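Only one chain is shown below, in structure tokens, and it's the form predicted on its own.
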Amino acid sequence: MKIAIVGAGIIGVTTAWELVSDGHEVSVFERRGAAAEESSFANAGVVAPGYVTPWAAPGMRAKVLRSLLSPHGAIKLRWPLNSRDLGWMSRWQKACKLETYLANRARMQRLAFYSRTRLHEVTEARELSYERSDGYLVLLRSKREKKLVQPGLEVLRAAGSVFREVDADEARRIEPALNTDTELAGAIHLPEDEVANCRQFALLLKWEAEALGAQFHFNCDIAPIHRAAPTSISLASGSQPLRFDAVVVCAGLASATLLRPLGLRIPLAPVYGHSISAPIRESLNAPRSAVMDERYKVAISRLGQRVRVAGGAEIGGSLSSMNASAVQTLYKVLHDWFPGAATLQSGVQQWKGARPMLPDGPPVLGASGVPGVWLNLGHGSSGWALSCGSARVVADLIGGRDAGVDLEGLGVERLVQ
């Protein structure tokens, strides 16, 4: 089949790889000048399937309110809040019911474990070499946090995650550079989880896809899809339409606009996150892999010769305005745990990304209901952890095969009210 993919983030690139590997003729269209330039660019890089859960959870509304009152709170509302944000928040609140949360959590974690397996298969088969390391440590600053995390551990057990609770001494043996001046009550160690450079993987896989014949077209802002010709692609600036047998929409936040003329109302909204990346000053003072500060929901990752600190979640505002207080929280958490790890006087990269999130949590995969139009979107903050599995699922569905994972609740019909 002749297939167009709209979007060349980690979702679009992995989708292109799976489809071209299946023998399809693949063309990828991306509005940016290179692959993985938006949400995939400088995220935390953590691949921890057991921690892939919906935002919409019981008690989450109260947590959001408490976070709003804290100067270093993980979740913030920013102005302006537009009608899209308000509508998204309304649907999010409805999805916080226990029954809905449990169903969506199971859907996301099935896909996440499948995706990690597929990530490893692709990496080994193509002998890809990118910045990565094994292990994930969730740091608990107080006895209260150790108590509060217990329901989360039941989630990990139910998901089949390999983990163990460790005391502060054992946590410091796993990550010897942890600052002894910062209070640490204990930690959760997940030895089978990992941190890996999402953008590096995307660029390597793009080259592999090109070697098999996939074509990538950059600086192509695609016009919304017309109902009369849903498998034709044209530029927003005007161009002759290019006809395909199928179109796969992987365009992140832009997907909602592209699909609206087809009668598809996809409730995507940006949830913004920040990161800082800095050169390692002294390797012995840096993390070996990745740690998560449970109190502040900030991850500190070792990516080759750099440290990346990422976290926070903002609803509202804009992508163009870096939030100074959010960045300050990242520096605070880095200083708390690894004060001598990074050179912060120069060479620091600050980044803000828009995670394309659906209000109830899971992405939407598969047929759109419009012949020839397929969906792979709405992965939110879990795009890296879900990408390889999502791509394989969509490729299998387009090829008329059964997917390798249960897809209950991951179709577009879930969003129909």
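Given the structure is predicted, the values throughout are model-derived calculations rather than measurements. Position 1 is the first residue in the sequence shown; the rest follow in order.
The same protein also exists as the form predicted in complex with a small molecule; that form is not shown, yet it is the one meant from here on.
The shortest heavy atom separation between Pro270 and the small molecule in the predicted bound form exceeds 4.5 Å. In the predicted bound form, none of the heavy atoms of Ala57 sits within 4.5 Å of a heavy atom of the small molecule.
The closest heavy atom approach of Tyr51 to the small molecule in the predicted bound form falls outside 4.5 Å. A residue is said to contact a partner when one of its heavy atoms sits within 4.5 Å of a partner heavy atom; Ile3 fails this definition for the small molecule in the predicted bound form, lying far away. Remark: of stretches 6-14, 403-411, 390-398, 19-27, the one touching the small molecule in the predicted bound form is 6-14 (heavy atom within 4.5 Å). The putative spot formed by Asn104, Val298 and Val364 is not touched by the small molecule in the predicted bound form; no residue has a non-hydrogen atom within 4.5 angstroms of it. Residue Ile222 is the only one of Leu259, Ile222, Ala171, Val247 with a heavy atom lying within 4.5 Å of the small molecule in the predicted bound form.
For the options Val348, Val64, Val373, Ala354, the one in contact with the small molecule in the predicted bound form, meaning a heavy atom within 4.5 Å, is Ala354.
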